[in-house]
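To begin, one chain is listed below as structure tokens, in the form predicted alone.
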Amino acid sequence: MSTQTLLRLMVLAVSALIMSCSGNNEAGGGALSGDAASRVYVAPGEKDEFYNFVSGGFSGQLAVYGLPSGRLFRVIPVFSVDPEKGWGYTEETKPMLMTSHGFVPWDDAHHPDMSQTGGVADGKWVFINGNNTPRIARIDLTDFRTKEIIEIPNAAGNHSSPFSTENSEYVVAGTRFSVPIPQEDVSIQQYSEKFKGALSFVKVDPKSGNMNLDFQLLVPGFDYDLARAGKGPSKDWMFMSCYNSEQANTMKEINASQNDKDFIVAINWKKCAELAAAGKGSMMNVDYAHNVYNDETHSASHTMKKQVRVLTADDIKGALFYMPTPKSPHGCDVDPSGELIVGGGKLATVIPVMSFSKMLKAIEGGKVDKMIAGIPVLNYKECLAGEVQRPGLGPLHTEFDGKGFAYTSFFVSSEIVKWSLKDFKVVDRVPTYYSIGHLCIPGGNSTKPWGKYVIAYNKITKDRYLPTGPELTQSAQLFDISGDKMKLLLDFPTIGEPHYAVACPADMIMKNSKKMYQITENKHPYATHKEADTRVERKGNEVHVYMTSIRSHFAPDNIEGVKVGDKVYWHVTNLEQDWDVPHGFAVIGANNSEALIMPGETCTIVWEPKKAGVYPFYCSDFCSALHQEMQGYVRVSNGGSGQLTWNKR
């Protein structure tokens, strides 16, 4: 029996043992203590201490939870249409989901990252990746809305994304699947010759947050995974794990695990940016979408971009290196000091900890084992700070508490392991239920973590919740890490499949929270700023209804003269200027969704009546004691003059 086969059998056996465990078998440091309920209880009228932004995985969305309560506050639509909020259905938001492939109403969102100032989360924006159709989105935390989505060309499987530099100068994205660049019709058997990876550097405007694809690095055709920017002394560097150094293109679970070591890519992004600004590299013709939502017009615009600057290893000599790391790594994490870089080989029996200062010495001393496509491969031991011995099975991802300890998730052995950054010794471990992927400490990827909790994001929840058919909810588990031992406090279910998450103190966001959109600042081209200006206009077979909503009526609320075959554009402006008073608008036969209109906002949905008759419309968001009375009628006729009439108040 081969070593590879034996290893696979061991992994399967341990996984089966874990999955057969009862969810009630909680022992050791993970046992629920008597005061666990009081530790997570947030009394009526009180507020949570932290916001927790959790990726929705295959839902394509971003969920917002409170900590320590685990209460779900909001699902922010990002890459997937959302009929609750009209995202991707209203005319204003449809452009946000446009790509080089056309309108794409779904994606796979994995890795949120918060904007930073001085290496500390600042509460301004959350960035998150679209994995399937490579994209990066920016969510504005003043109103919890997606304001920008940029497509990433030359990439396939934008899993390694988006990772912020210390002051959010850039967010960086790798490619999970290497592909021919530029794309061409070639045999897959030519993988090692024709396929390449693209590492993308998206520049972020420090005031507006607007993103711009500044440049890409073309690198060997490996699979690129998680990344972290350096901090402090290493702040000009980005570190990214990669696997499949074998460049296998079939049966990767075996063929991409042959080499003893894969790599952590070390990139001096500051030097690369300077070289790109100086005109190094070349411009490549590409097609990618850049979609931006405008707060003044309450509308999105869609633009197709046609070029990107690409740099090769020859263009950036001295700025790009490979550090060997145990095979099949996932996580690549930098400690708060910026000195230690932690790898996470999924098939390794150790956690490798690399030293930034030793890496620089290895570069200066020429401690290079070989070259790969012009990229120096540094000597493993020359860069190594130490190894955490026998930590567990299947290390994935590491975060830090700011008190000298690291916390690593172990998928196969279903546990979180706490270890010391001083001597790399394991000091505690707790079981998770089950098959943990990522974990999160508020600010755990920053220079100053708020090291009070660690949250596990688990893939499987057998025996933990009430059954819901063949698929069970996935989950998060909250652990107290304020003392020497980790203590399990809470399980709470999550939407979609949780991957990574970020968290920050609630006060950081609450102080800037937008409560309404000022009606006087509404520059939507179809806005109606006061009820006296409501009207209905015909332009050929288009009917435009300029409507207002306010508790508890629409104006106009009786409309006649619409014909079968017309396209009716309902432009609804919410005249409310009070916090948390949205109005909905829905009409029978609409084949898109409702419109959910915030105070001071204008939204548009299109309705195409197919039969003559009288059709009601109504407010779909409960708004007042007379919410049921907030309704109206539109009459649709066959042919005729189509003379429009409507009632004025």
Partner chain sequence: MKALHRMLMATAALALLGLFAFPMWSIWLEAPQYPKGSELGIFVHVDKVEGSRPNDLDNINNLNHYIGMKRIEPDAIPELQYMPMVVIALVGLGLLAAALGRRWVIVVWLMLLVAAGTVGMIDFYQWEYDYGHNLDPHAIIKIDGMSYQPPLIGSKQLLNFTAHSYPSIGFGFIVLAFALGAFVWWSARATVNATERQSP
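Remember, it's a predicted structure, so these values are computed and weren't measured experimentally. Residue numbers count along the first chain shown, from 1.
One more form of this protein, predicted together with the partner chain, exists but is not displayed; see below.
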{"item": "Among 72-80, 324-332, 551-559, 461-469, the region lying within 4.5 Å of the partner chain in the predicted bound form by heavy atom distance", "value": "551-559"}
{"item": "4.5 angstroms heavy atom contact with the partner chain in the predicted bound form for Gln577", "value": "yes"}
{"item": "Exercise: Val368 in contact with the partner chain in the predicted bound form, heavy atom 4.5 Å", "value": "no"}
{"item": "Contact of Ile372 with the partner chain in the predicted bound form (heavy atom, 4.5 Å)", "value": "no"}
{"item": "Contact of Ser624 with the partner chain in the predicted bound form (heavy atom, 4.5 Å)", "value": "yes"}
{"item": "In the predicted bound form, the one of Ala506, Leu384, Met516, Ala248 near the partner chain [non-hydrogen atom within 4.5 angstroms]", "value": "Met516"}
